[in-house]
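A lone chain, given as C-alpha cells: the form predicted on its own.
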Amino acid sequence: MPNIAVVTDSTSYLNPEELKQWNIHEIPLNVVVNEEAMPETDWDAATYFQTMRNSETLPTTSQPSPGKMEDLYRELAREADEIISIHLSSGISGTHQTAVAVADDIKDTVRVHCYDSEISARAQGYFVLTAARMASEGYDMAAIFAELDKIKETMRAYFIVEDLRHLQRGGRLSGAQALVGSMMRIKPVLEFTDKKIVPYEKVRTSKKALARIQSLFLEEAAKGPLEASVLHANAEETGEAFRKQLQEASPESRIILEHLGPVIGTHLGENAIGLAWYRPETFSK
C-alpha cells in the first residue's frame, strides 16, 4: 500500500476539520494589502473585506515561494513514498507551475505528482478531498489521477460579481466596458473556461444572474444528483438563501455553503456569489 501525501494550496478553502481528518497539507497563497504581503490564512474573511474596502489601492495576490514549497515536500518525504500536489488553475496563478518546477528539482528525493485543477475554491477542494480519500484507502497514483480526470469532465463553476473594477484590473474587461456595465447595472455571469475566469453571459440585475446560474445547475441535476457548493465572498446570508433555493429545487443533490477567501475574493470582489458542482461516482479498485 503506497504512502501518498496530499498537498494543496489555501484557495481550495477546505476547513480545518477536513484538513485534519484527511491529513491534507496546505500551503498558503498571499494577499498584498498596502504593500504588505500576508498569507491569506492569517485573515478572517470579514476583517479582510473590511480592510479591502478601506484600502487606498486594491489588494493584489501572490503565489507561495518555491522555497516554502520545497521545504514542505522535503518534510513530507521523510514518511511519504509519493506526493500529489493539487493546485488552483494554472490560468489564474503560477502556483501549479512553481510546484512542477520544485518537483523536478527534488525528483531524486521524492516523486511529486502535480495536478492542475484548472479551477479554484471549493471546486478545487473536491479534487483534493477525492485524492485524500483514495490515498487513505490504498489507491495508487494512477488510479487517483484517473478519478480526478473523471471529476473534471463534469465539474462546472459560475460566478456573479458586484464590482466590475476587479475584472477590469485583471484585464477581463476594458475600462469602458466596466464603466458602461456599471451604469447599466450589468451583472456578468462568469465561468472557468480553458483554465481562466471569463464572461459567460451579461445579465441585468443580480436576481436574474442567480436565476440563470440556477437554470444551468438544474439542467445538469436533471441528469442525476450533483455534489455542489454555493460560494460567497462575505455574503453568507445571500449565499445561504440561494443554497436553500437550489436544494428545494434539487432535493437529490447535496448542496453546501462555502466561503471565498481573500485570494479569490480579491479577484472577484466582495459579495461575489458562485456555484460549483460535479457529478460524483463511486470509485472502485
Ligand code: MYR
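Sequential numbering from 1, following the sequence displayed. What you are looking at is a predicted structure, and each value in this text was computed from that prediction instead of being measured.
Quick note: we don't show the form predicted in complex with myristic acid (MYR), though the next part is all about it.
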query	finding
Heavy atom of each of 29, 61 and 197 within 4.5 Å of myristic acid (MYR) in the model of the complex	yes
Interface membership of residue 268, myristic acid (MYR) in the model of the complex, 4.5 Å heavy atom rule	yes
4.5 angstroms heavy atom contact with myristic acid (MYR) in the model of the complex for residue 159	yes
Contact of residue 88 with myristic acid (MYR) in the model of the complex (heavy atom, 4.5 Å)	yes
Contact of residue 121 with myristic acid (MYR) in the model of the complex (heavy atom, 4.5 Å)	yes
Partner-facing stretch of 145-153, 189-197, 101-109, 208-216, counted where any non-hydrogen atom is within 4.5 angstroms of myristic acid (MYR) in the model of the complex	189-197
Selected contact from 80, 92, 135, 84, since only one has a non-hydrogen atom within 4.5 angstroms of myristic acid (MYR) in the model of the complex	92
